[in-house]
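Form predicted alone, single chain, as structure tokens, below.
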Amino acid sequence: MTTGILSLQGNFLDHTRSLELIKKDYILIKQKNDLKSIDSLILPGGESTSMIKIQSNNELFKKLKILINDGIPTIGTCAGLILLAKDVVDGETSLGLLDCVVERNAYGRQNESFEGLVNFLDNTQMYCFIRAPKILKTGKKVKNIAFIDEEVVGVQQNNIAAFTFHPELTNDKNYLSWLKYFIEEGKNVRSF
């Protein structure tokens, strides 16, 4: 069982540490041929516009879209959420698979990044929000799974889970336990 981590740009190496902590194999995805042997996927934080431009000539995102539509467990953090969203305010829609509207850099510039207490699966943990997007609206089939106060900061739709924050920077026990089960079971992981 191998997890593919999109590694065009951004903080993909932090996700490798999360997978190492739960003893899961991974491969860094840079081109469409790297997708052959994966059964789960992580789209990391970084700069969504740069990721879209970097891959534009090699059809990588077309292949990713097929895999995700076929049900591969997929996690997006920060820019990964932006890539997955059906509608992006102040940005370009890319994969367009997650029924939500997000706003890029909704909390401000880099120096306005912050840490906040997030309730994720009935556990409260401090997580990092770095030039984070904001989830403005979700579709009927999207479950809200993480909150900062009343604001939704994590969602799940079938085999896709996405977060505005960076759980891979904290690697707390709650997140690592969820990660292990999610990449193994996808949409059937624990009831939210």
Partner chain sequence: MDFCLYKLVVIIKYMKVESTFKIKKGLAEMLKGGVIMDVINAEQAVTAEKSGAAAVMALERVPADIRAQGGVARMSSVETIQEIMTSVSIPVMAKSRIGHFVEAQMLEALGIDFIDESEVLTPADEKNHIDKHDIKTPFVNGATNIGEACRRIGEGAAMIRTKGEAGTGNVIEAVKHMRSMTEGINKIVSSDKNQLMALAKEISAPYEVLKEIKKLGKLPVVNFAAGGIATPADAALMMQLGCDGVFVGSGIFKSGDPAERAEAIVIATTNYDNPEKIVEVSKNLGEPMVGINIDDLDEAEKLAKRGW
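All values reported here derive from a predicted model rather than from experimental measurement. Positions refer to the first chain, counted from 1.
Quick note: we don't show the form predicted in complex with its partner chain, though the next part is all about it.
Across the proposed site, 62, 86 and 138 without exception lack any heavy atom within 4.5 Å of its partner chain in the predicted complex. Stretch 45-53 is the contacting one of 154-162, 62-70, 45-53, 138-146, since its residues have non-hydrogen atoms within 4.5 Å of its partner chain in the predicted complex. Taking non-hydrogen atoms only, residue 37 never approaches its partner chain to within 4.5 angstroms in the predicted complex. Shown alone here, residue 26 lies farther than 4.5 Å from its partner chain in the predicted complex, counting heavy atoms only. Although the partner is absent here, residue 22 is not a contact residue: none of its heavy atoms lies within 4.5 angstroms of its partner chain in the predicted complex. Residue contact with its partner chain in the predicted complex: residue 130 places a heavy atom within 4.5 Å of it. Of the residues in 1-39, those that come within 4.5 Å of its partner chain in the predicted complex through at least one heavy atom are, in sequence order, 7, 8, 9, 10, 11, 14, 30, 31.
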